[in-house]
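Quick heads-up: it's one chain on its own, the form predicted alone, in structure tokens.
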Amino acid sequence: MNKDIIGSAAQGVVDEILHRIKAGTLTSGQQLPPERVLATELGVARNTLRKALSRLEAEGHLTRRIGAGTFVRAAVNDRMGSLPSRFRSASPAELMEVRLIIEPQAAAMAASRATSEDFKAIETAYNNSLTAEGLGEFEHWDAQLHLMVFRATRNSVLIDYCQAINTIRNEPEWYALKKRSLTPELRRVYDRQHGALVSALRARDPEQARLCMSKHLTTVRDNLMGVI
């Protein structure tokens, strides 16, 4: 497929996404923003964006999962390759146990270590989650919020862990669980819990951030496990 077939605007999108992948802004297994969000961000029409995504998928840079979204394809030699594979073989209950052990402490670390840029990224993800339309868009910004918290820890192992978790969160089994459990009422609960977490982080209160993350993940676990 050559540039003339998809047009210059779509080729510009292809080039930009490839640049982000090579620069590490988009990492292996990471979900791209929903089409509506990405098209607005890149300043193109959605049909132009779809042409670019189709080309990137055909060339092996992206993979699309029906009902879940579009993801950066994991490289064969990716250092994260074994971690998502191991998580994939675990049950949702096992993964939630691990999340409840690790993520509250990561939130406490983030409260102490976050920079002004970290707070800006965290609040952007949170605000976008509040206005997200539909499950796919909400899940994208929910995952981004958690990832931004982990990036604020300045700990590469913890960041790798969160990226692996975000990859698994969009597996068909997990997505089906979330689709059945995430009612409008529960989403409002998640919004409030996310807001409390962001406030604790902004206040640089490690203990409150830990408690907020623990409460949120307990709610997530109870609702996911309740629909199995």
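Quick caveat, the model's predicted, so the values are computed rather than measured. For every residue, the number given is its place in the sequence shown, counted from 1. C-alpha atoms forming the largest set that superposes within 1.5 Å between two forms make up the rigid core.
Keep in mind the form predicted in complex with the DNA is missing from the figure; the text below concerns it.
Listed stretches are 155 to 163, 186 to 194, 63 to 71, 199 to 207; the contact stretch with the DNA in the model of the complex is 63 to 71, by a heavy atom cutoff of 4.5 Å. Of the heavy atoms in residue 30, none are within 4.5 Å of the DNA in the model of the complex. In the model of the complex, at least one heavy atom of residue 9 sits within 4.5 Å of the DNA. Shown alone here, residue 169 lies farther than 4.5 Å from the DNA in the model of the complex, counting heavy atoms only. For residue 35, a non-hydrogen atom is located within 4.5 Å of the DNA in the model of the complex, even though that partner is not displayed. Applying a 4.5 Å heavy atom cutoff to the DNA in the model of the complex picks out 33, 34, 35, 36, 43, 44, 45, 46, 47, 48, 50, 51 from 24 to 59, in order along the sequence. Superposed on the core, the two forms barely differ at residue 217: its CA moves less than 2 Å between this form and the one not shown. Core-superposed comparison between this form and the one not shown: the C-alpha position of residue 32 differs by no less than 2 Å. In this overlay on the rigid core, residue 162 has a C-alpha that sits less than 2 Å away from its partner position between this form and the one not shown.
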